[in-house]
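Just the one chain here, the form predicted alone, laid out as structure tokens.
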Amino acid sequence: MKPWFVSLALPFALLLPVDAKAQRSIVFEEAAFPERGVLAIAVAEGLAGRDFDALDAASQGALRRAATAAGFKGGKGSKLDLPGFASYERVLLVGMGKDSPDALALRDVGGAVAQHFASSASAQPVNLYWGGSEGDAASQLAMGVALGQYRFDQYKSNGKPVTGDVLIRTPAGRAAAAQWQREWQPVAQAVNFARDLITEPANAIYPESFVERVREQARGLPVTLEVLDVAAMEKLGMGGMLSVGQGSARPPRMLLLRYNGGRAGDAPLAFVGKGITFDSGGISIKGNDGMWRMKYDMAGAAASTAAVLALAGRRAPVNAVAVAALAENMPSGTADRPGDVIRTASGKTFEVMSTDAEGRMVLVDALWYVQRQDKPKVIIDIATLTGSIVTALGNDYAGLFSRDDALASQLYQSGQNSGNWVWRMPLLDSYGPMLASPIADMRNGGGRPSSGTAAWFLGEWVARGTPWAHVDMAGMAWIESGGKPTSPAGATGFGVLLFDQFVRDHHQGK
């Protein structure tokens, strides 16, 4: 991914990197309402708000009359586009509802503005005005713009780029630009990098190319990479990783991305991601309907690695390691079979009930390895693991499983604060007997609830007493149509904001 560019105009300039695919660059200006051009402002429920009142007064009440005539009340998510209003080419009103202007509400405003003008070929700047002096508020508008205008059109031969700036006009221009550059631009870049990885087709992203994309993205950041190839995994006895990958011509890889921004010697946080770059189901093959989506079965690995890149990019005072368990699950004469018994690196064995329960098979070796090598103080794994979690929670929440009440509470709160919502699900020891095998330590599937037994299976490879949580994001990785203000249809990059917020809330400098 190439950098994006953000400038801070008049009387000082600051050039900041932005995603080259972002259709409009983001510019901060210390300035009042522009006298002409394209203007966008946020409006609270009931046509309230400092900026609305100011513009209404400047237009002798014409703004309120126009909004009332159109039936616009400032409801959450509503928009009113007024072309040719007063001296402006157009004025866009974005409803915030009754929400307080917190970070998520401001991001939604920025995303709504970016998406509204995403199809415009005009290079004319869009003035997004925020009259407050809070630097972080304006930087959250920028965050919304950066996330909301994401597009993936590398393979379109007739795509028309949208150029021009989004001018975030605010009294906090200098402070907002600094806050954006230091704290939020690296996170937005990481989310969009995760989206890129997930959206790429499986003939472009496979275990080896995933590693190289991360290596390229990490260039210049204070991180180190460790990559285990097949020979290294064979030496370690990683039967889970190897069995899933053995049916594909693309060999598996395990990637560890380490960032040490905290105190020397402090145990890191570990984020472990499922990285099945394409999941056909293997011998237990899936139906063709919707199988194309299984290119996003590596969304957990994308989230974990991108989150650590975000921490490194903003120089967060914490030690962290991401683990990406990368394999392609394909049927062939060399693929593993239902009924096979697999010995993992820990020495534990499992009987394969379904080769389509492959995510847990690669994750257990990753969980074992990061515990051995890094001795993390907290482990969180994230995976598009089960369809049953979608049945339970739909496309609004990821499932959260943990034996640690404090960790579960922290992740829930960070989910609320980041907009990457999680909902705690039961994780009962009674799930264990459902996975009993007559010939191995356990089976890799069986019993209900299947999302719960899958989580229980993973937990058997985590040392008791270690704070550990499992996030099943199967319903959150992809938005089929419509999208949200900060997440257009397609890959969401879910998990990056959750993990970054978790560090900010509970571990930054602690």
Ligand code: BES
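All of these numbers come straight from a predicted model, not from anything done at the bench. Just count from 1 along the sequence shown to find any residue number.
What follows is about the form predicted together with the named molecule, which we do not show.
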Have a look at 170-178, 295-303, 201-209, 95-103 and name the one stretch with heavy atoms inside 4.5 Å of the named molecule in the model of the complex.
295-303
Using heavy atoms and a 4.5 Å limit, would one call I41 a contact residue for the named molecule in the model of the complex?
no
Since only the chain is shown here, I'm wondering whether E358 would be in contact with the named molecule in the model of the complex (any heavy atom pair within 4.5 Å).
yes
At 4.5 Å between heavy atoms, is G387 in contact with the named molecule in the model of the complex?
yes
Heavy atom of S354 within 4.5 Å of the named molecule in the model of the complex:
yes
Within 4.5 Å of the named molecule in the model of the complex - does that hold for a heavy atom of every one of D279, K286 and A474?
yes
